[in-house]
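Read the single chain below, which is given as structure tokens and is the form predicted on its own.
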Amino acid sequence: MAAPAKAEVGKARRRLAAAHHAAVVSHERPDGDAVGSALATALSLRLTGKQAEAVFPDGLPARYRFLPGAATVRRDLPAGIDLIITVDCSTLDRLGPAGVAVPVVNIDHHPTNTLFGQINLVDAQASATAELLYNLAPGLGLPIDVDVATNLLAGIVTDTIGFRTASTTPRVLQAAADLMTRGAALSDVYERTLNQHSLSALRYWSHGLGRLECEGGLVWCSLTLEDRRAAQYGGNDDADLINLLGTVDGARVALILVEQADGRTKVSWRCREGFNVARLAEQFGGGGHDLAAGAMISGERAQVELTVLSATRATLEAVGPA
């Protein structure tokens, strides 16, 4: 998908200008790009005199509570809204309980985005939705002060894993530099979002790492509900363990399976250049990027693991040797 057309950006600007009360919604189990993008959008709308709230059905992960605007996050849609903006969400069903209303403006960077909005601003070339928002801000009439800049920088830093992904371009670095000029503190954002981990998260990791397997360029592990309880980890994600698995020397594909309380299993994939895990995720109703994707799969974890490993091995074999 190419950058949004000027006509579509103009439509979005007029819709934002006409709104009085907006809700900015993102996906379940929000990551740094979802959080940073939603908070930045809500704060920027407030600067223009609008009423706006960021909405996360699962609440805000603890590591992002330092971000400006975090204290105003809601779990449900507020009453009286006349505009819904979705950010960093590729499909309508990923909005969870918040998805009961039809969104109007869809802003995202996932190539698997289904263009579900009435207005769609989607650019798969952007490294993060936060980068896309930075690029769109002038055209949308959204001001960027130090608080908005901090949130946008957090989104970019986390989705590029500290400017380490293949999507990190000179334009991304220029955007980050400009956000720093506007007052965002790169060192603080980097430290809090990528380097700091809670003791419970590290204990949670230890359970998964105890099941670590590696075979023919594929590395994987799993996390259970009992692991979460034993570690006293409060989230329902993998505490970013997948990013560590993706660094294993010789591994072409890394994946992690996380058991959920509702009988489903969350699967996340990471891979090296030359492989496309988004296609794998789509087989299971998920999506994402070529090098990072995920899916929520119904079924008991052990059975899901067998099915997912079989599909991943088949794809590796089809691609052939590195």
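Counting begins at 1, following the sequence as shown. Just so you know, these numbers come straight off a predicted model, no measurement behind them.
Quick note: we don't show the form predicted together with ligand 5GP, though the next part is all about it.
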(message) Is it the case that residue 94, even though its partner is missing from this view, gets within 4.5 Å of ligand 5GP in the predicted bound form, heavy atoms only?
(response) yes
(message) in the predicted bound form, is there a heavy atom of ligand 5GP that lies within 4.5 Å of any heavy atom of residue 292, even though the partner is absent here?
(response) yes
(request) Examine residue 90 and determine whether its closest non-hydrogen atom to ligand 5GP in the predicted bound form is within 4.5 angstroms. (result) yes
(message) Using a 4.5 angstroms cut-off on non-hydrogen atoms, would residue 268 count as touching ligand 5GP in the predicted bound form?
(response) yes
(message) Within 4.5 Å, heavy atoms only, one stretch in 281-289, 65-73, 52-60, 38-46 touches ligand 5GP in the predicted bound form. Which?
(response) 281-289
(message) Could you pull out the residues of 109-127 that have any heavy atom within 4.5 Å of ligand 5GP in the predicted bound form?
(response) 110
